[in-house]
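The chain that follows stands alone, in the form predicted alone, written as structure tokens.
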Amino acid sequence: MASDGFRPLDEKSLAEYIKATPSLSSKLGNQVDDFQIKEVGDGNLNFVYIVTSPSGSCVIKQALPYIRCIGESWPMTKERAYFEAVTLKEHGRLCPDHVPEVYHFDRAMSLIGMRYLEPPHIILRKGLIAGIEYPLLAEHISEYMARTLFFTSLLYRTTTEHKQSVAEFCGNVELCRLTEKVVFSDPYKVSQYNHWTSPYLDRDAEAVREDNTLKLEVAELKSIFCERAQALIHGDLHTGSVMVTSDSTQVIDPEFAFYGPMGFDIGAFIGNLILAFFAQDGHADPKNDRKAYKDWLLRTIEETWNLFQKKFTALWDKHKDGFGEAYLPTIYNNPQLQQLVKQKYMSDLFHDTLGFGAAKMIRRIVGVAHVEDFESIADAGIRADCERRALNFAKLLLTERRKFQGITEVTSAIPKVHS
């Protein structure tokens, strides 16, 4: 056992741990000898176990001191589990309908016990690959983003509260540095872990590394990411961090959480929906050309932003005379000025969203970690065509983002991109 009390658990040692932990064993109906444990972690970083008994269930997630998909050659702080647990609790308080409940957290063991999202919940990304429509997705995810971002921002909080929280989350620097590296740096240079669909995209990857305009834009986004403590963001809000059914949407895995730019969360989600759109041609077959599904994805992208904007500004209106110190009511004291402030804020946030969404798309095509949307397309030539269209759109979006005045202009531009 390590001197700090940490030890990685396997199925056997986890069973003993659960028996000795009332907050977990009680969730299994205290049936200490009648539960099953199954390791399901298909992510890049952690061990994840589903624990079930005849009268209950939970999920156990343990952070390792290195990146699981690469191994001990890439060390990683276990403290990320602390920030994940704190964020799950805080976001769960602000939006309990869309965040799983935390039952137990053990900081020394970097271990979180939480609600098991039972079948038919699946990872959203897998549902999008399968061509499943989720009629409430935009409604739910916009609610999650509006509430978690608004209530942790200076539109609602005092600067004193805000600074205290920012200071605490500055401790998650190692995961922020990982994002800085894989999103804002590696795709734009030769890097050991970068890969792409070669040889088809060799020239495309090289073009990204040689594009001065792209590099200027991504430098600006990196600066915003590193310096702008706007709200408590999830930090990794892609379609692999959301579990869904037709009437439930649950956001998981906020281990990258910190006080950063709101547009990074919104952009990550919308950017991943755009990736899903471009991947659809690779999943089409003679029975289903996926055209109707692509239309649904475009509508969902539109609805996600429009509903977010509506809910976020409604919260702002409701709390405009509260304790929030971004715009003091004694100064912003007439409807015309309040409207001008809101328009400027939401316009800036929209353009941040597009920029970050584009950066997230680029890194998923020529960086270290790719998406199953494309990776599951067996024919490399077809996959590369889909990826090239996505990459070309992402480059357009990154460099021209300030020209887009609304989300419908974006969704109108998406289908026009050719490889």
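Since the model is a prediction, treat every value here as computed from it, not as a measurement. In case it trips you up, residue 1 is the first one in the sequence shown, and so on.
The form predicted together with a further copy of the same chain is left out here; the points below concern that form.
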Can you pick the stretch from 168-176, 72-80, 234-242, 288-296 whose heavy atoms fall within 4.5 Å of a further copy of the same chain in the model of the complex? 168-176
Please run the contact check for residue 189 against a further copy of the same chain in the model of the complex: heavy atoms, 4.5 angstroms, yes or no? yes
Residue-level question: is residue 122 within 4.5 Å of a further copy of the same chain in the model of the complex, judged on heavy atoms? no
Do residue 331 and a further copy of the same chain share at least one heavy atom pair within 4.5 Å in the model of the complex? yes
Given that the partner is absent here, does residue 344 sit within 4.5 Å of a further copy of the same chain in the model of the complex, heavy atoms only? yes
For a quick test of understanding: in the model of the complex, does each of 220, 229 and 326 have a heavy atom within 4.5 Å of a further copy of the same chain? yes
Listed residue (89, 195, 126, 215) with a non-hydrogen atom within 4.5 angstroms of a further copy of the same chain in the model of the complex: 215
From 206, 180, 97, 281: within 4.5 Å of a further copy of the same chain in the model of the complex by heavy atoms is 180
For the stretch 123-154, I need every residue with any heavy atom inside 4.5 Å of a further copy of the same chain in the model of the complex, listed N to C. 154
